[in-house]
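What follows is a single chain, given as structure tokens, in the form predicted on its own.
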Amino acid sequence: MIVADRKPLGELLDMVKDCKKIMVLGCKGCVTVCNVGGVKEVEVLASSIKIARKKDGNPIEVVEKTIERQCDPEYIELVKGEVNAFDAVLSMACGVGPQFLAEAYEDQTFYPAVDTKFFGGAVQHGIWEERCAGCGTCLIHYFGTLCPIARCSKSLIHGPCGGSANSVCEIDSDIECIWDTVVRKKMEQGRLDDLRQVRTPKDWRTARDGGPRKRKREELIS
């Protein structure tokens, strides 16, 4: 899932400082799972903004709404008759959400209420870790189903850097050296030769080079 953090209240207040009426628009997708942009978080942010503005003697009207996804035109259509009734809309989706909204409703101003961090998962309650860099061509089957691009601080895919010690990354002692983990796993499986194979360089053109990526499924296009 996409993991995000809510922006600081002060930054959000500055975004809407000239507004008298705004909408806080949540998303029931990834940001709900990481407790950032769902119904509860929309309610908390709306209340925080109203309290802060009232305290400053500059009250603001805040309307709360949460839709299924902000990355899908089908659901964005549900706010068509509402968004232009506000001075601005604070989107609590990942960075894709406010962009889709801005493309659909060009006359409205949309602000990102969260900072999108990474693709990851919950390793325990309240803790999420990065697992995927969205690099376009998945190679994890070569590395014991572990991703060195996302989980190595240097994104090395041809072996460890030599700077780690005691299974710990030299960049940050709180990070495991994923290459140490990969090698140990292969040794335990008796498959260390997998890492000795010479492979062709990764084609990074499937990642970000050449502009924004697009995926088309002809069988789904009507």
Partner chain sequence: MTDSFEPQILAFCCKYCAYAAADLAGSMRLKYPDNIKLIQVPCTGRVDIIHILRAIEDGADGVYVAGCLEGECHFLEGNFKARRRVKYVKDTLEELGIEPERVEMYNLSSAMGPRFAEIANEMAEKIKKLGPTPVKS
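Because the structure is a prediction, the values reported are computed rather than measured. Numbering follows the first chain given and starts at 1.
The discussion below concerns the form predicted together with its partner chain, not included here.
Colleague: Can you pick the stretch from 22 to 30, 178 to 186, 44 to 52, 164 to 172 whose heavy atoms fall within 4.5 Å of its partner chain in the model of the complex?
Modeller: Of the options given, it is 44 to 52.
Colleague: Even though its partner chain is not shown here, does it sit in the model of the complex so that 6, 40 and 64 each have a heavy atom within 4.5 Å?
Modeller: Contact check passed for all of 6, 40 and 64.
Colleague: I'd like to check something about residue 15: if you look in the model of the complex, is any of its heavy atoms closer than or equal to 4.5 Å to a heavy atom of its partner chain?
Modeller: Residue 15: no contact with its partner chain in the model of the complex.
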